[in-house]
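What follows is a single chain, given as structure tokens, in the form predicted alone.
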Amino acid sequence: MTELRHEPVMMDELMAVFPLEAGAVAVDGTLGMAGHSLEMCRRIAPGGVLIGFDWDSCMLDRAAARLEESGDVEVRLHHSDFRALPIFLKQDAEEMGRELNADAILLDLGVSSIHLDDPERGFSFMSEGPLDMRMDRSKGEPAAALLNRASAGEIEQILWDHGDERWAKKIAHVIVERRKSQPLRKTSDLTDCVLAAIPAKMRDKRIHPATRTFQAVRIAVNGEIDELQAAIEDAGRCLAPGGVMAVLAYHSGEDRQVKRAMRSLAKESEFEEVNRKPVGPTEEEARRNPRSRSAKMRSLRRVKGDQG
């Protein structure tokens, strides 16, 4: 299996807030290439437990291969979204015959560099490929199907809600007009629609004109924000006393949901926010890994309480 390069985001900041020691229970709700998980395993060995989730079976296989080197740690991986974390945590506890309240929970909501760099996944406007964008290709509707059936109003709403795209209405109109003669099938079809909709002199010089559109469509295809606040609150209730949950968000829609979830939990006496304001990457990391630039980390600690 070819090893692909992926740099975990804000590793130092995350490890600084997590109370990880030998025998601890760590949860990685968004495994990816297991970069964060490998470091977690190093810190909880010997005798620790790592529970990981990824909704992409290919990524899960890659993560499993990398975690074979994790040493004296019980590793349990699940092909599932982290929204099912409470269910699988209970299942794993029953199978292992012990309590599994988490000392650390990580939710990295960003799309993996591996996905972005694989043309066959259709996540990026930088390379030609099928317009798919599904994290889990075993189910759901690919981006092409969504964009070829949705109304102009629905597409506009997706681009505005998930991409803060101020040209959402014009882009949606171009998509609907073009698909009348030729359905969208490839990443270049969507990119061409965006370029046709936004006048050259009005384009943001800092980012590619299609950046926000591709982000918005990906989020819609995968339901990334659907019930996100509730899922984060449910995950927080899986923490052991003293345990910390950290969430990395990469755009305003995600970060709003994370903020609301943590503020909601912090209103209860057994939880407290570690930082009231989100923490970003260092300037050095942002230069080294441009995909970390928009990351915002929020974290929450369980100070007491009975997990049942």
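Note that the structure is predicted; figures quoted are calculated from it, not measured. Just count from 1 along the sequence shown to find any residue number.
Another form exists, predicted in complex with a small molecule; not displayed. Remarks below refer to it.
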Fill in the blank from the handout: For the small molecule in the predicted bound form, the stretch among 260-268, 275-283, 43-51, 56-64 with residues bearing a heavy atom within 4.5 Å is 56-64
Exercise for the section: Considering only heavy atoms, tell me if Lys170 and the small molecule come within 4.5 Å of each other in the predicted bound form. Expected result: no
Exercise for the section: Although the small molecule is absent from this view, report whether Asp103 comes within 4.5 Å of it in the predicted bound form, heavy atoms only. Expected result: no
Practice task
Please check if Ala34 has a heavy atom lying within 4.5 Å of any heavy atom of the small molecule in the predicted bound form.
Solution key: yes
Practice task
Give a yes/no on whether Leu190 approaches the small molecule to within 4.5 Å in the predicted bound form, heavy atoms considered.
Solution key: no
Problem - Residue (of Asp117, Asp92, Glu154, Asp81) lying close to the small molecule in the predicted bound form, criterion heavy atoms within 4.5 Å - result: Asp81
Fill in the blank from the handout: Checking Pro142, Pro183, Gly110, Gly129 against the small molecule in the predicted bound form, the residue with a non-hydrogen atom inside 4.5 angstroms turns out to be Gly110
